[in-house]
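Let's start with one chain on its own, the form predicted alone, as structure tokens.
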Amino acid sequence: MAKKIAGEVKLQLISGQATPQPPVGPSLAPYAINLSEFVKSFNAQTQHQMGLVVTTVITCYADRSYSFIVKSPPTAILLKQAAKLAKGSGEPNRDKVGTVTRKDLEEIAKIKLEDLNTTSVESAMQMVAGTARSMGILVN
């Protein structure tokens, strides 16, 4: 018999550096799960991606247990990293703040492929290019 789900929480956390402090503590406290156990298991699972922001979906169950899925980093963060930028453009239709190559797009698309609703790398590259365009980043 399946466990009864008490709630689901989505958080963007820095991999390998989570603490019970906000945003983790206040988000998970209503479900009464063991925060220190969650933090240890999250940090251990994301150790290989140290420093990247990753999206985490935490499913909390009624018996105070939990499970979590770590997804790939957001596309915007990967694009900023590839273009070596601190942030995107405030006016992306006017001000272009950086450039990325098609090779960069392909690498990002391969990382994001499992989290997107496509199985084609070309389609994923178009999605990533659209995000780049909305951030004011040119694609060469």
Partner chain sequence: MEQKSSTRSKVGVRWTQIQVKTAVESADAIANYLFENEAVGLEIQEGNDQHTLLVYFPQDDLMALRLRNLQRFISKLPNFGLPGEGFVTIEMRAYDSQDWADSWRSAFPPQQIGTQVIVAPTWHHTEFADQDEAQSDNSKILIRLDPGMAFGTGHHPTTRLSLLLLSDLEFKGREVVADIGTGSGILSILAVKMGVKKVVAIDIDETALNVAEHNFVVNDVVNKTDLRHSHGLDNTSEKFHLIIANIISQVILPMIPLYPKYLRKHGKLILSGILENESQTIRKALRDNGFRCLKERKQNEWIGILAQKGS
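Numbering follows the first chain given and starts at 1. Everything quoted here is computed from the prediction, not taken from an experiment.
Keep in mind that the form predicted together with the partner chain is not shown, yet the notes after this line are about it.
Interface membership of I111, the partner chain in the predicted complex, 4.5 Å heavy atom rule: Residue-level check for I111: no, no contact with the partner chain.
Is there a heavy atom of T101 lying 4.5 Å or less from a heavy atom of the partner chain in the predicted complex? It does not: once the partner chain is placed as it appears in the predicted complex, T101 has no heavy atom within 4.5 Å of it.
Using heavy atoms and a 4.5 Å limit, would one call V121 a contact residue for the partner chain in the predicted complex? Contact with the partner chain, no.
Answer with yes or no whether E107 is in contact with the partner chain in the predicted complex, where contact means some heavy atom within 4.5 Å. No, no contact at 4.5 Å.
Determine the residues of 11 to 36 with a heavy atom within 4.5 Å of the partner chain in the predicted complex and present them in sequence order; the list may be empty. L11, Q12, L13, I14, P20, Q21, P22, P23, G25, P26, S27, A29, A32, I33, N34, L35, S36, in sequence order.
Report the direction of the Cα distance change between A86 and S15 in the predicted complex, compared with the displayed form, as closer or farther; the change is 3 Å or more. Relative to this form, closer in the predicted complex.
In the predicted complex, whether the C-alpha atoms of H48 and S123 sit closer or farther than here (change of 3 Å or more): Relative to this form, farther apart in the predicted complex.
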